[in-house]
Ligand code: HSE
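The chain below stands alone, shown as C-alpha coordinates; this is the form predicted on its own.
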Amino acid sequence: MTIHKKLTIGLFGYGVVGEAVFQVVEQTPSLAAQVKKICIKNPHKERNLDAAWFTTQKNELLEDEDINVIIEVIDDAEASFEIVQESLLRGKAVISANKKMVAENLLALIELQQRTGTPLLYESACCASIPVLRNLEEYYDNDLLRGIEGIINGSTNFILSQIFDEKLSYSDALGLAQCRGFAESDPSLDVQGLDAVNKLCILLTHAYGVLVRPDELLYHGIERLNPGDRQVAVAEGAQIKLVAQAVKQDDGSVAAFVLPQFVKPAHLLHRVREEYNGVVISSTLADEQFFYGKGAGGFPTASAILSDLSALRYDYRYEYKKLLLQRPSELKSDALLNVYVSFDDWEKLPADAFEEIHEYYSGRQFHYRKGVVSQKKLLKSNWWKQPGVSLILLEEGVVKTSPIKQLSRQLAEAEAVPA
(Lines give C-alpha, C1' and ligand atoms only; values in the text may rest on other atoms or scores of the structure.)
Protein backbone atom coordinates (compact mmCIF):
# COMPACT_ATOMS: atom_id res chain seq x y z
CA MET A 1 0.00 0.00 0.00
CA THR A 2 1.46 3.32 -1.08
CA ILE A 3 0.97 6.56 0.83
CA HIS A 4 1.36 9.55 -1.46
CA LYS A 5 3.54 12.25 0.07
CA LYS A 6 1.64 15.00 -1.64
CA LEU A 7 -1.58 15.46 -3.56
CA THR A 8 -1.50 18.33 -6.01
CA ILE A 9 -5.03 19.29 -7.00
CA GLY A 10 -6.62 20.84 -10.04
CA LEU A 11 -10.05 22.09 -9.03
CA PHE A 12 -12.90 22.52 -11.52
CA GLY A 13 -15.60 24.84 -10.20
CA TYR A 14 -15.56 27.54 -7.54
CA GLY A 15 -19.17 27.92 -6.51
CA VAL A 16 -20.48 27.13 -3.02
CA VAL A 17 -18.96 23.64 -3.03
CA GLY A 18 -15.73 24.55 -4.83
CA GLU A 19 -15.00 27.36 -2.41
CA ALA A 20 -15.68 25.07 0.55
CA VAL A 21 -13.34 22.43 -0.90
CA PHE A 22 -10.57 25.02 -1.31
CA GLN A 23 -10.96 26.22 2.28
CA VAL A 24 -11.04 22.69 3.70
CA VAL A 25 -7.89 21.65 1.82
CA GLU A 26 -6.07 24.82 2.91
CA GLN A 27 -7.07 24.25 6.54
CA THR A 28 -6.19 20.53 6.71
CA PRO A 29 -2.38 20.24 6.66
CA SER A 30 -2.53 16.54 7.63
CA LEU A 31 -3.80 15.81 4.11
CA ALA A 32 -0.47 16.87 2.58
CA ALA A 33 -2.51 18.29 -0.28
CA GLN A 34 -2.74 21.63 -2.02
CA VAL A 35 -4.79 23.20 -4.77
CA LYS A 36 -2.55 24.42 -7.58
CA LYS A 37 -5.08 25.83 -10.06
CA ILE A 38 -8.84 26.41 -10.32
CA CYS A 39 -10.73 26.26 -13.61
CA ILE A 40 -13.85 28.44 -13.79
CA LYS A 41 -16.45 29.28 -16.42
CA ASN A 42 -17.01 33.00 -15.78
CA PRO A 43 -13.79 35.02 -15.31
CA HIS A 44 -15.70 38.23 -14.53
CA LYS A 45 -17.50 36.97 -11.44
CA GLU A 46 -16.20 38.52 -8.21
CA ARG A 47 -14.34 36.01 -6.04
CA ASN A 48 -12.48 36.08 -2.76
CA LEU A 49 -9.17 34.84 -4.19
CA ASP A 50 -6.49 36.51 -6.25
CA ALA A 51 -7.10 36.18 -10.01
CA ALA A 52 -3.80 34.27 -10.36
CA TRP A 53 -5.53 31.18 -8.90
CA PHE A 54 -8.01 30.98 -11.76
CA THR A 55 -8.10 30.00 -15.41
CA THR A 56 -10.84 29.35 -17.95
CA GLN A 57 -8.66 26.91 -19.90
CA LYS A 58 -9.24 23.32 -18.74
CA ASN A 59 -6.02 22.10 -20.36
CA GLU A 60 -3.99 24.22 -17.96
CA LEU A 61 -5.06 21.68 -15.34
CA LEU A 62 -5.28 18.55 -17.47
CA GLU A 63 -1.85 18.98 -19.07
CA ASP A 64 -0.04 20.03 -15.89
CA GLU A 65 2.16 17.06 -14.93
CA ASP A 66 2.43 18.26 -11.33
CA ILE A 67 -1.31 17.92 -10.81
CA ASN A 68 -2.09 14.31 -9.85
CA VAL A 69 -5.68 14.77 -8.60
CA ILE A 70 -8.62 16.42 -10.33
CA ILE A 71 -11.61 17.48 -8.23
CA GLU A 72 -14.63 18.50 -10.28
CA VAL A 73 -17.68 20.12 -8.70
CA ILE A 74 -19.37 21.66 -11.71
CA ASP A 75 -23.09 21.25 -12.51
CA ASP A 76 -22.80 20.45 -16.22
CA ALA A 77 -22.94 16.65 -16.58
CA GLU A 78 -21.66 16.58 -20.17
CA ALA A 79 -18.68 18.85 -19.46
CA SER A 80 -18.04 16.93 -16.26
CA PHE A 81 -17.79 13.61 -18.12
CA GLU A 82 -15.32 15.09 -20.61
CA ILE A 83 -13.13 16.34 -17.76
CA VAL A 84 -13.27 13.03 -15.89
CA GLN A 85 -12.58 10.99 -19.02
CA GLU A 86 -9.58 13.09 -20.03
CA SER A 87 -8.21 13.08 -16.48
CA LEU A 88 -8.37 9.29 -16.14
CA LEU A 89 -6.74 8.80 -19.54
CA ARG A 90 -3.91 11.07 -18.39
CA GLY A 91 -3.43 9.05 -15.20
CA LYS A 92 -4.86 11.68 -12.84
CA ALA A 93 -7.05 10.42 -9.99
CA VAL A 94 -10.48 12.04 -9.96
CA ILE A 95 -12.99 13.04 -7.29
CA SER A 96 -16.43 14.05 -8.57
CA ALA A 97 -19.58 15.37 -6.93
CA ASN A 98 -21.70 15.21 -10.09
CA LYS A 99 -24.32 12.51 -9.47
CA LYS A 100 -26.01 12.98 -12.86
CA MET A 101 -22.74 12.50 -14.71
CA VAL A 102 -21.84 9.40 -12.70
CA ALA A 103 -25.31 7.81 -12.96
CA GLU A 104 -25.58 8.32 -16.72
CA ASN A 105 -22.04 7.13 -17.53
CA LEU A 106 -21.23 4.57 -14.85
CA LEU A 107 -20.46 1.66 -17.16
CA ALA A 108 -18.09 3.78 -19.25
CA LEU A 109 -16.48 5.16 -16.09
CA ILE A 110 -15.90 1.69 -14.66
CA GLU A 111 -14.33 0.55 -17.95
CA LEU A 112 -12.08 3.64 -17.97
CA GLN A 113 -10.90 2.92 -14.44
CA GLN A 114 -10.12 -0.68 -15.33
CA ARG A 115 -8.29 0.30 -18.51
CA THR A 116 -6.19 3.06 -16.99
CA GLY A 117 -5.77 1.71 -13.46
CA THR A 118 -6.65 5.19 -12.21
CA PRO A 119 -9.24 5.71 -9.46
CA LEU A 120 -12.43 7.76 -9.59
CA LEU A 121 -14.13 8.44 -6.25
CA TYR A 122 -17.53 10.10 -5.81
CA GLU A 123 -18.73 9.69 -2.23
CA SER A 124 -19.95 13.30 -2.31
CA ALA A 125 -22.33 12.51 -5.20
CA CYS A 126 -24.65 10.60 -2.85
CA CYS A 127 -25.91 12.20 0.36
CA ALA A 128 -22.94 14.57 0.77
CA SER A 129 -21.73 14.15 4.36
CA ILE A 130 -23.18 10.64 4.86
CA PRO A 131 -20.51 7.97 4.14
CA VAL A 132 -22.87 5.52 2.49
CA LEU A 133 -21.06 4.45 -0.70
CA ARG A 134 -17.89 3.15 0.88
CA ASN A 135 -19.93 1.33 3.50
CA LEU A 136 -22.00 -0.41 0.84
CA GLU A 137 -18.87 -1.18 -1.18
CA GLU A 138 -16.81 -2.58 1.70
CA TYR A 139 -19.07 -3.61 4.56
CA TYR A 140 -22.22 -5.30 3.30
CA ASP A 141 -22.25 -8.57 1.41
CA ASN A 142 -24.71 -8.71 -1.48
CA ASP A 143 -26.45 -11.87 -0.22
CA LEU A 144 -26.98 -10.42 3.26
CA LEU A 145 -28.20 -6.98 2.20
CA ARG A 146 -32.00 -6.98 2.43
CA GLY A 147 -32.64 -3.42 1.35
CA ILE A 148 -31.93 0.30 1.33
CA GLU A 149 -34.39 3.08 2.06
CA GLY A 150 -33.29 6.66 1.88
CA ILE A 151 -34.29 10.29 1.91
CA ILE A 152 -31.50 11.34 -0.40
CA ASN A 153 -32.66 14.73 -1.66
CA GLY A 154 -32.47 17.57 0.86
CA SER A 155 -34.50 20.05 -1.21
CA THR A 156 -37.65 17.93 -1.36
CA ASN A 157 -37.29 16.94 2.28
CA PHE A 158 -37.13 20.60 3.29
CA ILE A 159 -40.26 21.35 1.24
CA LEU A 160 -42.18 18.42 2.72
CA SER A 161 -41.06 19.37 6.24
CA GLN A 162 -42.52 22.84 5.73
CA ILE A 163 -45.79 21.38 4.42
CA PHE A 164 -46.22 19.04 7.41
CA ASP A 165 -44.52 20.86 10.29
CA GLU A 166 -45.39 24.45 9.38
CA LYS A 167 -48.57 23.71 7.38
CA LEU A 168 -47.38 25.70 4.35
CA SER A 169 -48.77 25.15 0.88
CA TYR A 170 -46.54 23.41 -1.66
CA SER A 171 -45.88 26.67 -3.56
CA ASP A 172 -45.01 28.58 -0.36
CA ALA A 173 -42.74 25.77 0.85
CA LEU A 174 -40.96 25.67 -2.51
CA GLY A 175 -40.52 29.45 -2.45
CA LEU A 176 -38.99 29.26 1.03
CA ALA A 177 -36.63 26.49 -0.10
CA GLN A 178 -35.50 28.68 -2.99
CA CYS A 179 -35.01 31.72 -0.72
CA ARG A 180 -32.82 29.69 1.63
CA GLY A 181 -30.77 28.20 -1.16
CA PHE A 182 -32.05 24.63 -0.72
CA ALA A 183 -33.75 24.62 -4.14
CA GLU A 184 -32.68 26.06 -7.49
CA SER A 185 -34.65 28.71 -9.38
CA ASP A 186 -35.55 25.78 -11.67
CA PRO A 187 -36.29 23.09 -9.07
CA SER A 188 -37.42 20.40 -11.54
CA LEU A 189 -34.44 18.06 -10.97
CA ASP A 190 -35.33 17.87 -7.29
CA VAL A 191 -39.13 18.00 -7.18
CA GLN A 192 -39.60 15.58 -10.09
CA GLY A 193 -37.39 12.99 -8.38
CA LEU A 194 -34.58 13.09 -10.98
CA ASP A 195 -31.84 13.96 -8.50
CA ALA A 196 -32.89 11.13 -6.20
CA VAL A 197 -33.08 8.56 -9.00
CA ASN A 198 -29.56 9.52 -10.18
CA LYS A 199 -28.28 8.81 -6.69
CA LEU A 200 -30.23 5.56 -6.46
CA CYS A 201 -28.54 4.30 -9.64
CA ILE A 202 -25.16 4.81 -8.01
CA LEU A 203 -26.26 3.18 -4.75
CA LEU A 204 -27.56 0.12 -6.63
CA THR A 205 -24.18 -0.53 -8.24
CA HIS A 206 -22.30 -0.45 -4.94
CA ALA A 207 -24.99 -2.31 -2.99
CA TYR A 208 -26.02 -5.05 -5.42
CA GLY A 209 -23.85 -4.82 -8.52
CA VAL A 210 -26.83 -3.57 -10.54
CA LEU A 211 -25.91 -1.28 -13.44
CA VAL A 212 -28.93 0.73 -14.54
CA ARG A 213 -29.59 4.09 -16.14
CA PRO A 214 -31.91 6.60 -14.45
CA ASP A 215 -34.53 6.39 -17.21
CA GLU A 216 -34.92 2.64 -16.59
CA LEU A 217 -36.18 3.11 -13.02
CA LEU A 218 -39.64 3.99 -11.77
CA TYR A 219 -39.63 7.42 -10.17
CA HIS A 220 -42.16 10.08 -9.21
CA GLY A 221 -41.62 13.41 -7.49
CA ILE A 222 -43.62 15.66 -5.17
CA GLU A 223 -44.71 18.48 -7.48
CA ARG A 224 -48.21 17.05 -7.97
CA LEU A 225 -49.08 16.31 -4.35
CA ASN A 226 -52.68 17.27 -3.61
CA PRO A 227 -53.58 19.22 -0.42
CA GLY A 228 -55.93 16.33 0.33
CA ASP A 229 -52.92 13.98 0.42
CA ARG A 230 -51.58 15.84 3.45
CA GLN A 231 -54.95 15.54 5.19
CA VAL A 232 -55.04 11.79 4.57
CA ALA A 233 -51.47 11.42 5.85
CA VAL A 234 -52.15 13.44 9.02
CA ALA A 235 -55.34 11.47 9.70
CA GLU A 236 -53.27 8.29 9.60
CA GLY A 237 -50.48 9.72 11.80
CA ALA A 238 -47.98 9.83 8.94
CA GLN A 239 -45.93 12.27 6.93
CA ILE A 240 -45.07 12.10 3.24
CA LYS A 241 -41.39 11.73 2.33
CA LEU A 242 -39.69 11.26 -1.02
CA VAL A 243 -37.99 7.88 -0.54
CA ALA A 244 -35.54 5.98 -2.72
CA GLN A 245 -35.71 2.24 -2.22
CA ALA A 246 -33.95 -0.93 -3.25
CA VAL A 247 -35.60 -4.09 -1.90
CA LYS A 248 -34.14 -7.59 -2.21
CA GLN A 249 -36.77 -10.12 -3.32
CA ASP A 250 -37.07 -13.77 -2.35
CA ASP A 251 -35.69 -14.82 -5.73
CA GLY A 252 -32.57 -12.67 -5.25
CA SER A 253 -33.65 -9.90 -7.64
CA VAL A 254 -33.92 -6.26 -6.57
CA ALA A 255 -36.93 -3.97 -6.91
CA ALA A 256 -35.87 -0.30 -7.04
CA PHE A 257 -37.77 2.98 -7.34
CA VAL A 258 -38.10 6.56 -6.06
CA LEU A 259 -41.61 7.49 -4.87
CA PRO A 260 -43.32 9.71 -2.32
CA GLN A 261 -44.21 7.51 0.63
CA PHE A 262 -46.39 7.62 3.74
CA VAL A 263 -43.95 7.36 6.66
CA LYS A 264 -45.22 6.80 10.21
CA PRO A 265 -43.41 7.79 13.45
CA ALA A 266 -42.06 4.28 14.10
CA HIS A 267 -40.05 4.44 10.87
CA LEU A 268 -36.48 5.72 11.20
CA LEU A 269 -36.96 8.06 8.23
CA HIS A 270 -39.82 9.87 9.99
CA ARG A 271 -37.30 11.80 12.11
CA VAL A 272 -35.42 13.14 9.05
CA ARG A 273 -36.44 16.78 8.78
CA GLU A 274 -35.53 19.94 6.87
CA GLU A 275 -32.61 19.64 4.43
CA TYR A 276 -31.19 16.53 6.10
CA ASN A 277 -30.77 13.12 4.50
CA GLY A 278 -31.21 9.72 6.08
CA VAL A 279 -30.45 6.21 4.84
CA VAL A 280 -31.62 2.96 6.42
CA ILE A 281 -29.64 -0.14 5.44
CA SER A 282 -31.20 -3.49 6.33
CA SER A 283 -29.15 -6.67 6.44
CA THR A 284 -29.83 -10.20 7.55
CA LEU A 285 -27.37 -10.18 10.45
CA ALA A 286 -27.18 -6.52 11.50
CA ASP A 287 -30.91 -5.75 11.07
CA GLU A 288 -31.35 -1.98 10.50
CA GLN A 289 -28.56 0.59 10.53
CA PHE A 290 -29.32 4.29 10.19
CA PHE A 291 -27.12 6.95 8.57
CA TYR A 292 -28.13 10.56 9.12
CA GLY A 293 -26.60 13.90 8.15
CA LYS A 294 -26.71 16.94 5.91
CA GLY A 295 -27.17 15.87 2.34
CA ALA A 296 -26.27 19.11 0.60
CA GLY A 297 -24.36 22.35 1.05
CA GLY A 298 -20.78 23.47 0.65
CA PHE A 299 -19.10 22.09 3.76
CA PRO A 300 -21.11 18.84 4.07
CA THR A 301 -20.17 18.04 0.47
CA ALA A 302 -16.58 19.14 1.06
CA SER A 303 -16.37 16.74 4.02
CA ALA A 304 -17.06 13.80 1.69
CA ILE A 305 -14.51 15.12 -0.82
CA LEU A 306 -12.00 15.43 2.02
CA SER A 307 -12.64 11.78 2.89
CA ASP A 308 -12.01 10.75 -0.72
CA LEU A 309 -8.80 12.79 -0.78
CA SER A 310 -7.62 11.04 2.33
CA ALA A 311 -8.45 7.66 0.78
CA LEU A 312 -6.41 8.51 -2.33
CA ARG A 313 -3.30 8.86 -0.16
CA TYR A 314 -3.64 5.10 0.44
CA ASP A 315 -4.32 4.32 -3.23
CA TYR A 316 -7.90 3.44 -2.41
CA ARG A 317 -10.23 2.76 -5.32
CA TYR A 318 -13.67 1.27 -5.76
CA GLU A 319 -13.37 -2.41 -6.68
CA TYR A 320 -17.05 -2.73 -7.65
CA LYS A 321 -17.03 -6.06 -5.82
CA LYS A 322 -20.74 -6.82 -6.22
CA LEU A 323 -20.53 -6.22 -9.98
CA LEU A 324 -17.13 -7.65 -10.92
CA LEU A 325 -16.17 -10.10 -8.17
CA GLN A 326 -19.55 -11.54 -7.14
CA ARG A 327 -22.69 -12.58 -8.95
CA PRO A 328 -24.63 -9.32 -9.40
CA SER A 329 -28.30 -9.11 -8.54
CA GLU A 330 -30.85 -8.62 -11.31
CA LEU A 331 -33.17 -5.64 -11.40
CA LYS A 332 -36.81 -6.61 -10.92
CA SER A 333 -39.20 -4.51 -13.00
CA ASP A 334 -42.47 -6.35 -12.28
CA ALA A 335 -42.84 -5.93 -8.52
CA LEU A 336 -46.30 -5.35 -7.06
CA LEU A 337 -46.58 -2.16 -5.03
CA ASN A 338 -49.03 -1.09 -2.31
CA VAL A 339 -49.99 2.48 -3.25
CA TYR A 340 -52.36 5.34 -2.65
CA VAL A 341 -53.51 7.24 -5.74
CA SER A 342 -55.46 10.51 -5.52
CA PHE A 343 -57.02 12.21 -8.53
CA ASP A 344 -59.35 15.08 -9.36
CA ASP A 345 -61.20 13.39 -12.23
CA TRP A 346 -62.32 9.76 -12.58
CA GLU A 347 -61.50 9.82 -16.28
CA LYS A 348 -57.79 10.07 -15.43
CA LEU A 349 -57.78 6.65 -13.75
CA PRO A 350 -57.71 3.70 -16.21
CA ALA A 351 -59.96 0.76 -15.47
CA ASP A 352 -56.97 -1.58 -15.19
CA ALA A 353 -54.79 0.74 -13.08
CA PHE A 354 -55.08 -1.45 -9.97
CA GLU A 355 -54.51 -5.18 -9.58
CA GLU A 356 -56.44 -5.06 -6.31
CA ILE A 357 -58.38 -2.27 -4.56
CA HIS A 358 -58.40 -2.22 -0.76
CA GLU A 359 -59.92 1.17 0.05
CA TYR A 360 -61.48 4.07 -1.82
CA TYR A 361 -62.92 7.51 -1.18
CA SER A 362 -64.83 9.85 -3.46
CA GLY A 363 -65.63 13.50 -2.81
CA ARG A 364 -66.68 16.43 -4.95
CA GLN A 365 -63.22 17.31 -6.24
CA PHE A 366 -60.94 14.82 -4.53
CA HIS A 367 -60.90 11.03 -4.84
CA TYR A 368 -58.43 8.35 -3.85
CA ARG A 369 -57.90 4.63 -4.02
CA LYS A 370 -55.56 2.36 -2.10
CA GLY A 371 -54.48 -0.96 -3.43
CA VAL A 372 -51.94 -2.91 -5.44
CA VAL A 373 -50.44 -1.75 -8.74
CA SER A 374 -47.93 -3.36 -11.08
CA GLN A 375 -44.56 -1.68 -11.36
CA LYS A 376 -44.28 -3.08 -14.88
CA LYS A 377 -47.54 -1.43 -15.93
CA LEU A 378 -46.54 1.89 -14.38
CA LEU A 379 -43.29 1.88 -16.34
CA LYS A 380 -45.26 1.39 -19.57
CA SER A 381 -47.95 4.00 -18.93
CA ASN A 382 -48.27 7.70 -18.16
CA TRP A 383 -51.70 8.07 -16.53
CA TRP A 384 -50.10 8.59 -13.12
CA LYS A 385 -48.01 11.49 -14.48
CA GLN A 386 -51.04 13.63 -15.36
CA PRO A 387 -51.74 16.92 -13.56
CA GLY A 388 -54.20 16.30 -10.75
CA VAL A 389 -52.95 12.74 -10.14
CA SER A 390 -50.77 11.87 -7.15
CA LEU A 391 -49.09 8.49 -6.61
CA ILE A 392 -47.77 7.70 -3.12
CA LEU A 393 -46.32 4.44 -1.82
CA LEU A 394 -47.94 3.02 1.30
CA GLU A 395 -45.61 2.10 4.14
CA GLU A 396 -45.97 -1.63 3.38
CA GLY A 397 -44.29 -0.90 0.05
CA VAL A 398 -43.48 -3.95 -2.04
CA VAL A 399 -46.04 -6.76 -1.94
CA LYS A 400 -44.63 -10.12 -0.95
CA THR A 401 -46.22 -12.29 -3.62
CA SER A 402 -46.39 -16.06 -3.24
CA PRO A 403 -44.75 -18.05 -6.08
CA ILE A 404 -48.16 -19.49 -7.13
CA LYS A 405 -49.85 -16.08 -7.22
CA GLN A 406 -46.88 -14.60 -9.07
CA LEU A 407 -47.03 -17.37 -11.68
CA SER A 408 -50.78 -16.92 -12.13
CA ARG A 409 -50.33 -13.20 -12.73
CA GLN A 410 -47.54 -13.78 -15.25
CA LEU A 411 -49.68 -16.32 -17.14
CA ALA A 412 -52.62 -13.89 -17.20
CA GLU A 413 -50.40 -11.12 -18.56
CA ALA A 414 -49.00 -13.48 -21.23
CA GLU A 415 -52.50 -14.50 -22.35
CA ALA A 416 -53.51 -10.83 -22.63
CA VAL A 417 -50.74 -10.14 -25.18
CA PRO A 418 -52.01 -10.46 -28.80
CA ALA A 419 -50.34 -13.21 -30.81
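Quick note: we count residues from 1 along the sequence shown, nothing fancier. All of these numbers come straight from a predicted model, not from anything done at the bench.
As for the form predicted together with the named molecule, it is not shown, yet the points below apply to it.
Note that among 163-171, 291-299, 322-330, 208-216, the stretch whose heavy atoms approach the named molecule to within 4.5 Å in the predicted complex is 291-299. Using a 4.5 angstroms heavy atom cutoff to the named molecule in the predicted complex, all of 153, 190 and 199 count as contacting. Residue-level contacts in the predicted complex: of 182, 122, 343, 257, one residue has a heavy atom within 4.5 Å of the named molecule, and it is 182. With the partner omitted here, the residue from 99, 220, 92, 248 that has a non-hydrogen atom within 4.5 angstroms of the named molecule in the predicted complex is 99. In the predicted complex, the named molecule sits within 4.5 Å of a heavy atom belonging to residue 195. Although the named molecule is not shown here, in the predicted complex the stretch 248-286 places no heavy atom of any residue within 4.5 Å of it.
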